[in-house]
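Just one chain is shown here, as structure tokens, and it is the form predicted on its own.
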């Protein structure tokens, strides 16, 4: 509980810092809105051109786009410390200071940054979810609400694990490795659409390696009443656990990588 209070207090202070320059914050937030609105426009153009993509209709595509956007940008908003600060801490040697403190490295790094500009991206994703639910005529039940909550929560855990992979590479290479972004940011772009519309190699990549399909798409398909790959309904509640398993493995890899950390000095 102390760690949670520490994190919440850090987020509160960082939010205040971001809002010290309201005009700059407004312009940057507006830029984020334009960026994410452009991606949503791509979905609208696809829907305008095609009546359906495989079994997926307009409402389904809006729903997939929305659940991915909300999950990804919530994680990036509150997990910005890993993607934004960790490479800097490695290059400047400031990670040495963090190692001297009586808290875990990841906890301290997560407490070091927040990105409230992403709130507009989350808002766009939420609007897309609402549109998708209305068009697809989703009939919400207790189980569907549970599936949605599990997908978003464990999807955030999965995305956070992908960010930690970049941190692991930084330990060995000092600088961040852009190739890692193919799984995180590339996965976000690809998995805004149903996984079964892609060729087999991409389906394998985002099911078995970076399991976006298991964590987000299987529950989303269940909510929409169109089970992915015709899998039974119970898989919608089991498959998202792949996000927790993935994070556990990456966390162990991070702990092992920290044993090989060598300060760059400052």
Partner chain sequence: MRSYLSAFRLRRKMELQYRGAMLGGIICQVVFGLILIALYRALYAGKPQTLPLQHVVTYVWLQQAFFRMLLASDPDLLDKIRSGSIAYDLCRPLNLYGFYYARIMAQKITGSLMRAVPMLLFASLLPEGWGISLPASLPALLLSLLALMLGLLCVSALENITMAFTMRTLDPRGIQAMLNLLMMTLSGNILPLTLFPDSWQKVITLLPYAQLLDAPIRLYTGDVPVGEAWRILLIQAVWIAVLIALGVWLWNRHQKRIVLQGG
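Numbering follows the first chain given and starts at 1. This is a predicted model, so every value here is computed, not measured.
What comes next is about the form predicted together with the partner chain, which does not appear here.
The shortest heavy atom separation between residue 181 and the partner chain in the predicted complex is within 4.5 Å. Contact annotation for residue 64: none of its heavy atoms lies within 4.5 Å of the partner chain in the predicted complex. Although the partner is absent here, residue 57 is not a contact residue: none of its heavy atoms lies within 4.5 angstroms of the partner chain in the predicted complex. Taking non-hydrogen atoms only, residue 208 never approaches the partner chain to within 4.5 angstroms in the predicted complex. Only one segment in the set 33 to 41, 221 to 229, 208 to 216, 236 to 244 has any non-hydrogen atom within 4.5 angstroms of the partner chain in the predicted complex, and it is 33 to 41. Contacts with the partner chain in the predicted complex, taken as any heavy atom within 4.5 Å, map within 180 to 198 to 181, 182, 185, 186, 189, 190, 193, 197, 198.
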